[in-house]
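Heads up, the chain below is alone and in the form predicted alone; it's given as structure tokens.
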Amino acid sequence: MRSNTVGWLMLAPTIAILGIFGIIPFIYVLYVAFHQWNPFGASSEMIYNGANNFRRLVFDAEFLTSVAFTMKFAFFAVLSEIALGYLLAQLFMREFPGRGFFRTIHTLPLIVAPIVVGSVWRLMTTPSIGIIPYLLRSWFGYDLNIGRDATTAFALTVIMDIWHWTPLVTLTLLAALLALPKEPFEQAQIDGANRRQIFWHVTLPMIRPAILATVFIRLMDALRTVDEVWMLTSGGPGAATRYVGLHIWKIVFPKTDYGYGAAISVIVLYLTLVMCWLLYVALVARRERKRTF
């Protein structure tokens, strides 16, 4: 009984911070979502309009387009980061000269603020002064201009996200790989398993929890990305990189439609939770169900 009391007392500061900065703001946003509110308009009062904001977003073509682009962005970015992060984690497990130095250099993007990352990539991809357009033009004769090519702009946002967040995936998977016991691998080698079989039947099942946690973190981050993309493309050209986070920003700040922006935020949170739950069911629950039979 006493240990439980001590445990709750130690958790109390964390629970208080979570309530103040997480639960209370969410309740407030949910309340605003059911109102029409423009605090900078002629009338700054909240006007209750029921579920009109949610009905409106169902038929909002710009919102639906931004959701589609966001899903596409999250799919390519997270999948590439998991694959590349695993390969780098395997590489850093091997002994080679300068391994510690390369590990340190590899983690440097994580300490850079996202808005700075977007600014640097904007400078590197500017046609007149950027190093990337210069090299592509000199080596391949390709004229890079993200202001007029939607596909290139989208690809660069994905590449920028991969560059920024792959080190996080690498560190997570590297820690998981280093914690694996050696006995299952030795047993598999004695049984004559090759590298592919060891990966699919030994390594992958044992690091699945780490992969799942990493995918959850990166998926939630990718679905709400704003500052990096805003600095690089400002959502353009057109709406090619106007992801959900940017769409909410433009609804709330330039248009000052706080009620509709809050409704979109609630729906995006719901979609994120549903996607994470489906991913959990696909990767974990089904496997646990098979073990029970």
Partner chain sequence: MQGRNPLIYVALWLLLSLLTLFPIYWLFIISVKPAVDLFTTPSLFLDVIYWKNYVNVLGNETLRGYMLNSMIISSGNAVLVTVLAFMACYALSRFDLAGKENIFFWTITNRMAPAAVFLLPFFLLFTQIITFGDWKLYDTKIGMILLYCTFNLPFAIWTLRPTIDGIPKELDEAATVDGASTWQVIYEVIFPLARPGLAVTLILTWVFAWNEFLLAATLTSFNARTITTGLSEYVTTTGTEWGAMAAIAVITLIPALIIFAVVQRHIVAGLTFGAVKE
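Computed from a prediction, not measured in an experiment: that's the story for all the values here. Positions refer to the first chain, counted from 1. In this text, the rigid core denotes the largest set of C-alpha atoms whose superposition between the two forms falls within 1.5 Å.
Omitted here: the form predicted in complex with the partner chain. The next part is about that form.
This chain is drawn without the partner chain; in the model of the complex, the residue among 141, 97, 205, 192 with a heavy atom within 4.5 Å of it is 97. Contact check for residue 148: no non-hydrogen atom falls within 4.5 Å of the partner chain in the model of the complex.
Proximity of residue 283 to the partner chain in the model of the complex falls outside the 4.5 Å heavy atom cutoff.
Contact annotation: residue 107 falls within 4.5 Å of the partner chain in the model of the complex, judged by heavy atom distances. At a distance threshold of 4.5 angstroms between non-hydrogen atoms, residue 92 is in contact with the partner chain in the model of the complex.
In plain terms, the part of the chain that comes close to the partner chain in the model of the complex, with a heavy atom within 4.5 Å, is 257 to 265 out of 257 to 265, 49 to 57, 235 to 243, 65 to 73. Scanning 122 to 152 for heavy atoms within 4.5 Å of the partner chain in the model of the complex gives 123, 124, 129, 130, 131, 134, 135 in sequence order. Relative to the superposed rigid core, residue 274 undergoes a CA displacement smaller than 2 Å between this form and the one not shown.
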